[in-house]
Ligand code: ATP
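To begin, one chain is listed below as structure tokens, in the form predicted on its own.
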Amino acid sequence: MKKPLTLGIMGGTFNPIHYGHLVTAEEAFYQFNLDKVIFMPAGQPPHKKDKEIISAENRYLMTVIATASNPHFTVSRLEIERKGPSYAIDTVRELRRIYKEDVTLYFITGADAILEILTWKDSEKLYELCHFIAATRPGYSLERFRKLHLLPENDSRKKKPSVFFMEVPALAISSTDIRKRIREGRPIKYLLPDGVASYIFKYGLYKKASL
């Protein structure tokens, strides 16, 4: 009998992608024995109104550059080609349609994003369709998460998400800091792959003129 695929979905804005994202995906691949990790750049992130979000195509191309050397990584255009906001539930449903029932899905994201999971579109249905891997920084407190997902004793109809925590030291790197460094002319070397840095500088991304 054919073994079902076990796929990681690395969702994110990737604005820009950096080593924190890549280390997180690699650690999830190893710890959860995944067959591959699909990087899923968001087309229109529904929870982010940041004016610094550059075009989806640029973010997609930088993600391709960053992941090209890893045979376990692939990049999908699913969300950037879909019209409207990029909701996790739509992506997971589409992957379920593509792979039928022969797949186990793990949605990989930061613990801070997981804290907001109850606000996501069709969140209870999402719990049924995939597991979650919550990447945390060393020393990150899980208390807020526990409180957020404690269900009222008198309401058994609600479902809890299946969440696994994974500590990733490289999460100290942030896209926000990288964008700030670029604007200020400070170094970004060793924070993200050289190919991504070259792409950013070649096209003048994240400078005031490009916003």
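Residue numbers here begin at 1 and follow the sequence given. Please read these numbers as outputs of a predicted model, since none were measured by experiment.
Heads up, the form predicted together with the ligand isn't pictured, but that's what we're talking about next.
Note that among 68-76, 98-106, 83-91, 130-138, the stretch whose heavy atoms approach the ligand to within 4.5 Å in the model of the complex is 130-138. Although the partner is absent here, S175 lies within 4.5 Å of the ligand in the model of the complex, judged by heavy atoms.
Although the partner is absent here, L126 sits far enough away that none of its heavy atoms falls within 4.5 Å of the ligand in the model of the complex. Mapping the unseen interface onto this chain, A113 counts among the residues with a heavy atom inside 4.5 Å of the ligand in the model of the complex. Taking the partner from elsewhere, P193 is found to have every heavy atom lying beyond 4.5 Å of the ligand in the model of the complex. Comment: the ligand is not present in this chain, but in the model of the complex one of V64, A28, L171, A56 has a heavy atom within 4.5 Å of it, namely L171. Shown without its partner, the chain has M10, G11, G12, T13, F14, H18, G20, H21, T24 in segment 6-40 as residues with a non-hydrogen atom within 4.5 angstroms of the ligand in the model of the complex.
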